[in-house]
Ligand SMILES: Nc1ncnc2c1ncn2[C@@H]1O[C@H](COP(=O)(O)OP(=O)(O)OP(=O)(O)O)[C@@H](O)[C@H]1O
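The data below hold one chain only, encoded as structure tokens and taken in the form predicted alone.
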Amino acid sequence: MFSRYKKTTGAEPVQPAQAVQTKAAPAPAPKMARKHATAAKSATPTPADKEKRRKERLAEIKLELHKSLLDNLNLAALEKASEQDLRAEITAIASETLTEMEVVLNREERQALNQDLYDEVTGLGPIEPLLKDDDVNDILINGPKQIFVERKGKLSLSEITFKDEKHLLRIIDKIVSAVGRRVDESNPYVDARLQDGSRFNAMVSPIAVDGSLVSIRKFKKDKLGINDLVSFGAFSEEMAAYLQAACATRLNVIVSGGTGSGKTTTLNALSSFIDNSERILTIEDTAELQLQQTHVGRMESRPANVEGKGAVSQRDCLRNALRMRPDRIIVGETRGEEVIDMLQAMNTGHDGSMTTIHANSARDGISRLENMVAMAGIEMPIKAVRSQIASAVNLIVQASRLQDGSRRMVSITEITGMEGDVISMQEVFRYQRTGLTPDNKIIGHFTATGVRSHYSERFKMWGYDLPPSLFEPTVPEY
């Protein structure tokens, strides 16, 4: 019954063909002999083939064991059981099942198998080790057999796979059902948040053609402060001093950048400059911000239920936040009609508010804001929209993920007002690229542009008298 678990010895040796070995045709014999020798040689399994067979064999065994666990474990009692008791029960059931299957595994394989089964029952199956790996930032699943991970800004293909599409769908359903949502053919995509705060997005058939698509942006447990980002080379000490003055003096800040450029991390770090006595309200689609202040009220939007009712948008949260006596409002990401309420909040006594947007540069960020105001369905002359933006936004911090995977704050730009119909801006700091190393690492340095801050007097009034040398261009010593 379990013959498929027995080791295979390869193909049978090929016997010489007697029909061709006749006196009338002696020449072909050596060629056929060489051909059969080549065939026999190619039939010999390589180390890679043996490793592949071993993994397939272990996957089949794990599938059988998982079915046995579902039949024998009392799933209702799992929540009450301790980790030690649950592991002992899983080990006992697995050992009994392996004996019945007449399968012999070494100690290392048994330990790995028991851990996989524990992850399957209590965690998220094959991807549970990736979630526990602190070096992994993103997990990207393209069907059951292709899982990519991002480490230090670089994507690589993982050796981890799911058994099949049903296995992957079972893990997806486990995640979304835990937060009261569902995903199926009638609702083929979903956003959710894992228990540790990681952002989860899934799209299934028929929208996902070659297998379910899953993206997991892992939640960082460690709160990175300004000093951490400076030591990582995300920006310079001079830029940190400037940003401290900007946040402490309640300038309205927008962090702009592409996907995975570090916008939320930057926003978290900037929030450390906010005084602990201020009341802060945060509004997000998926709660990711880790503010370090005492007086913080967190809000998270909610999608519609199965009946299409009960949705609470970021705009609803923002409108309600204005009635909750906030000193500052921080919106995790502005992407739609809530932008008009955000701009009004910045203009009506909630100085020091912050948000992030998707844009490739500070000037593109302004264009994005204009487009989002149009999406809100409010018909305003373009000059009035730009005047609103120029009055509300003081600073745009541009974050970027460079080609070598590093994340840098590539630009800090101030909005200084209006010149006719155009919003006037000035760049204060930038990241200057100078070349590449042989291993494709970017060489560059942070420098001031030589332009004195438009808000220098404001800084001085609040007790932050930044020296003029802070705004002088620097030439690195290589």
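Keep in mind that this is a model prediction, so the values were computed, not measured. The first residue of the sequence shown is number 1, and the count goes up from there.
Omitted from view is the form predicted in complex with the ligand, to which the following refers.
With the partner omitted from this view, the residue of G297, G336, P303, G258 that lies near the ligand in the predicted complex is G258 [heavy atom within 4.5 Å]. Of the residues L224, V103, L291, L113, just one reaches the ligand in the predicted complex with a heavy atom at 4.5 Å or closer; this is L224. For the marked spot (F273, Q426 and K460), a heavy atom within 4.5 Å of the ligand in the predicted complex is absent from each of the three residues. Of the heavy atoms in R407, some are within 4.5 Å of the ligand in the predicted complex. Using a 4.5 Å cutoff between non-hydrogen atoms, G262 counts as a contact of the ligand in the predicted complex.
The ligand is not shown here, but in the predicted complex it comes within 4.5 Å of a heavy atom of F232. Using a 4.5 angstroms limit between non-hydrogen atoms, R368 is distant from the ligand in the predicted complex. From the list 117-125, 135-143, 176-184, 383-391, the contact stretch for the ligand in the predicted complex under a 4.5 Å heavy atom rule is 135-143. Contacts between 196-215 and the ligand, taken as any heavy atom within 4.5 Å in the predicted complex, involve only R199.
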